[in-house]
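Next up: just one chain, as structure tokens, the form predicted alone.
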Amino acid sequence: MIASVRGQQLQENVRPEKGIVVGAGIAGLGTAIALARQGVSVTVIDRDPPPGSDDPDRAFAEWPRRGVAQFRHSHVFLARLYVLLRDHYPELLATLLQMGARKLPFSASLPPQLLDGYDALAADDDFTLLSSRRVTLELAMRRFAAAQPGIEIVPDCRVQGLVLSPDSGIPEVSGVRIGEGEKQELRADFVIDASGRTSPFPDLLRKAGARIAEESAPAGIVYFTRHYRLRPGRSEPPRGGAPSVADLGYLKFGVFRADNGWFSVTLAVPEIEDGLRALVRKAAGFDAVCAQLPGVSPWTDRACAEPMGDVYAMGGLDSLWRHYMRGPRPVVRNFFAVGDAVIRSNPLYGRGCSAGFLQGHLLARVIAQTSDPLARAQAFYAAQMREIRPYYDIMVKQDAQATRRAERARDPDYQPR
């Protein structure tokens, strides 16, 4: 058994079940780990090859993660993920820290002028962030998952379709088809889509008659990231003075501390700023902009750190919420989606990995509590609406406000009311 997100105990399954998780990112691995802890046999299907090395630096440079577009962008892992690891997987958290990840305590978020009057409380640990490259967390999670009884990871494998059977007009999923040419069927009690932003399953299910509704809103930005590593003997610039994270209206920027002497800088440019986007897409322009930002330039100064690769760009960003329920009834049975495959938001808010990991645990609790497909679908949907929807609505609203600010900044005739 494993304690639920809110401290309630998951119930033992009345019979062993088999689940298939498509996708081996943070959401997919987190879901598999949560299910395995309660006795579910889980097959994780990963479209990408396994990492060629357990060393984060080598894996960062060499591991092809075609299924994770944001793999080499900046990450910070929010307190919700940290608390789940701390409370339920201390051995995984210990491994992650041994691999170089760092805990950023609540005090690290306070401005220097408030630190003198800060008295730490034990409960402040619940606000701790985890700081590392995504590759480091994925390596630690993958190693941990592979060692759990009941989890099998199948790498370098593409899912070609779903095994479906109609039931009263509602598609019912009983497995997946894999392989090229003569496809193999893998059967399971339920299938979980953790395949990310480019998930093929909504279209496949719509063709089978599932009426999946979507709501979306543009993030309004294009994302540019470059990684750096501190030179031998150099320390991170001290806090204080100019901020290393800020929103200038026409540009958002942030320095993200990582692991093993690495850090990254992300510049988020409004979509309407064509000239600035073209400038920062290239390394020379990116570094030139960083040099003009007082809170960033001490980090990217060549005497302090060296660049570790080129600039990574990511566009087409939007917030998305897919609804696998219509009213009180699911549009498909024995099929669930977690992570970016069902809910995604502007990556600037850093909620994606934590939300995906949380979803996996919400789903695990539901799977444990009932074997009824209708009840499972209803309970999981309700849990997402309760735990994630309020944050989603706030992020969509903030993105709309930021887009309006960027548009007004380009209008010489705009006068604030």
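As the structure is a computational prediction, the values presented were derived from the model and not from experiment. Residue indices: 1-based, along the sequence shown.
The following text describes the form predicted together with a small molecule, which does not appear among the structures shown.
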**Message:** Quick check on this chain: which one of Arg365, Arg37, Arg376, Arg351 has a heavy atom within 4.5 Å of the small molecule in the model of the complex?
**Reply:** Arg351
**Prompt:** Among the candidate residues Tyr82, Phe263, Phe190, Tyr223, which is the single one with a non-hydrogen atom no more than 4.5 Å from the small molecule in the model of the complex?
**Reply:** Tyr223
**Non-hydrogen atom contact Asp57 with the small molecule in the model of the complex at 4.5 angstroms** = no
**Message:** Would you classify Gln70 as touching the small molecule in the model of the complex, given a 4.5 Å non-hydrogen atom cut-off?
**Reply:** yes
**Item:** 4.5 Å heavy atom contact, Arg134 to the small molecule in the model of the complex
**Value:** yes
**Prompt:** Is there a heavy atom of Ala24 no more than 4.5 Å from a heavy atom of the small molecule in the model of the complex?
**Reply:** yes
**Asked** So which stretch, 195-203, 269-277, 105-113, 242-250, is the one near the small molecule in the model of the complex (non-hydrogen atoms, 4.5 Å)?
**Response** 195-203
